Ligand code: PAF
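The chain that follows stands alone, in the form predicted on its own, written as structure tokens.
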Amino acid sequence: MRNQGRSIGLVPTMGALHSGHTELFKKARDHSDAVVVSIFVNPTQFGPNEDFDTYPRQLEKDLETCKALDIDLVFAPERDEMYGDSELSIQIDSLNRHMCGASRPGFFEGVLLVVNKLFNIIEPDIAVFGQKDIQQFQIIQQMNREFNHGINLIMAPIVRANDGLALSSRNTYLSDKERVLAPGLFRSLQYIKKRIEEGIDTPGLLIEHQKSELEAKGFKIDYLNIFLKTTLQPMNTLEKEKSYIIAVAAYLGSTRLIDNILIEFS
């Protein structure tokens, strides 16, 4: 493809493809001549008590999806192909201290390890990631700069169901009752954003009130807060010229859901 002068777009996935992934593929197609999709359930980003063994795997169905969408190449390696006798790791100094990094130790180190490998193997011109995993995007962007990959990283908007729930492969874990409750996360984020846009610049009490509301509905909150977009640090006071992320992670039953909304004052 490269010898033909075609630019390469990469969309890394862990499979179990849904319409959210389809939007990532479309975004890659908009910015490159050939689209490569990787499908690999990465073991290094799962903790010992997480769902690596039960994570949905449907490779044949995913390949049919990619074929129907005219994906140029699918890279679906086995674990030994990616890691072998690997013993090196990547350290993150501060971008993983809050949000998902605080409750999932080692998660983003594992993400960087596999994405670094994918960048080196595929050598794409652009790579597309979803906004739903915005902390992941910011950390990969930092790696892209520090490791001099020179890849144009694109963050695609969150794709949502009609009721607002952010699409995720893990949504299949939700029971029917939990699925009805799940969009409450997005509604809380929307409410917080609305109040901030109306003038609240010290949102601590607003955040705590929304936590209580969600817990009353059956959510177990991991975090709900406002973070500075550049550093991912939690913020108690907001300034108009900066950009922020309102982000949440919560359990509904045994399913961990994440979501976020951007506030761009600039």
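Numbers for residues come from their place in the sequence shown, where the first is 1. None of these values were measured; they are calculated from a predicted model.
FYI, the form predicted in complex with pantoate (PAF) isn't displayed, but the following is about it.
Asker: Given that pantoate (PAF) is left out here, which of L252, M14, I245, I258 has a heavy atom within 4.5 Å of it in the predicted bound form?
Answerer: Here the answer is residue option M14.
Asker: Which pick from M99, V111, I134, A182 sits with a heavy atom within 4.5 Å of pantoate (PAF) in the predicted bound form?
Answerer: It is V111.
Asker: Every residue in F25, A34 and T65 with a non-hydrogen atom within 4.5 Å of pantoate (PAF) in the predicted bound form?
Answerer: No, none of the three is in contact.
Asker: Whether F129 contacts pantoate (PAF) in the predicted bound form should be assessed with a 4.5 Å heavy atom distance threshold; does it?
Answerer: F129 belongs to the contact set for pantoate (PAF).
Asker: Should Q45 be classed as touching pantoate (PAF) in the predicted bound form when contacts are defined as heavy atoms within 4.5 Å?
Answerer: Because a heavy atom of Q45 falls inside 4.5 Å of pantoate (PAF) in the predicted bound form, the answer is yes.
Asker: Mind telling me which stretch in 114-122, 153-161, 85-93, 184-192 gets its heavy atoms within 4.5 Å of pantoate (PAF) in the predicted bound form?
Answerer: Heavy-atom contact with the partner occurs in 114-122.
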